[in-house]
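There is one chain below, alone, in structure tokens, taken in the form predicted on its own.
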Amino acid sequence: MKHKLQGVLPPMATPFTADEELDLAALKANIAKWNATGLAGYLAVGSNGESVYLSEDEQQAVIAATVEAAAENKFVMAGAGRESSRETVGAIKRAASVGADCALIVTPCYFKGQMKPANLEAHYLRVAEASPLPILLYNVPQATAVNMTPDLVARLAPHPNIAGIKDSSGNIAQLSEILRLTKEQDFAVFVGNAEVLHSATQLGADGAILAVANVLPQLCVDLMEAVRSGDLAKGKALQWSMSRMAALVTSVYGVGGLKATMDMVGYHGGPVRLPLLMPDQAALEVLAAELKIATSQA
């Protein structure tokens, strides 16, 4: 990779038109604005990009548009996890063909009862061996009901084509153990929960992939940089200012809340695809009030 895997990335929301068609012009306009911030790069077609609602062609179009619009100093990570190892490799190859720098691979989960550590280890090793891009593990048990244990991550970390992990478990003890077990490896650890960004950075996380960074990119960057520089008080103030906002655009109102809040601050959020729904008026008022609190510290 030409870029070091570190820093803050937004798992970009995918803009749609009113009739739920891709709006690539809106996506590129968002990226043009983000290019002026301290973001390290972009995650295309991740969970917050409604990737599970996009066709393969649409996913490739979003990744290609992201590569085209990203500034030279930003890297592009592509969501490419599929349920089978074979299909995952195919998705990575398609992402590579349009210029992605690395691929984020979510744990398979349809047969969740059978996704034991041995299954996951075999899956990721098969994918890593065949992938033309460096891959990152993606642990998001809230969505998949499959959790990657720190011991499993430690076994996978030495592979030369497994570059890191995004851990969205929100379990700071688990994240700490992953960091401890992989500290001697060339292995980037990204936290996926903004609510624990301050703590994760103190523990040594290399970066963060945060839904709220779609809305408040520089605040997230400033928080991480404050903690890294030793200004823990500033970092704590920034953490407290945006933690509730981060929860609202993830666990409370989801992608619809995220997109509505993006619209409030001048990005192109736009509608979601059914069966997701946009927030109602009461929710919009909650989002606007919390946004005001967060931006007071930005």
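Residues carry their position along the shown sequence, with the first being 1. Keep in mind that what you see is a predicted model, and the values were worked out from it rather than measured.
From this point on, the text means the form predicted in complex with another copy of the chain, which you will not see here.
**Q** Consider N73 of the chain shown here, and say whether it contacts another copy of the chain in the model of the complex, taking contact as heavy atoms within 4.5 Å.
**A** Result no; N73 lies far from another copy of the chain in the model of the complex.
**Q** How about T37 - does it come within 4.5 Å of another copy of the chain in the model of the complex, if we only consider non-hydrogen atoms?
**A** No.
**Q** At 4.5 Å between heavy atoms, is E177 in contact with another copy of the chain in the model of the complex?
**A** Yes, contact at 4.5 Å.
**Q** Is there a non-hydrogen atom of V255 within 4.5 angstroms of a non-hydrogen atom of another copy of the chain in the model of the complex?
**A** Result yes; V255 sits at the interface with another copy of the chain in the model of the complex.
**Q** Tell me the stretch among 129-137, 218-226, 77-85, 156-164 that has any heavy atom within 4.5 angstroms of another copy of the chain in the model of the complex.
**A** Only one stretch passes the 4.5 Å heavy-atom test: 77-85.
**Q** Looking at another copy of the chain in the model of the complex, which residues in 38-73 have at least one heavy atom within 4.5 Å of it?
**A** Those in contact are S47, V52, Y53, L54, S55, E58.
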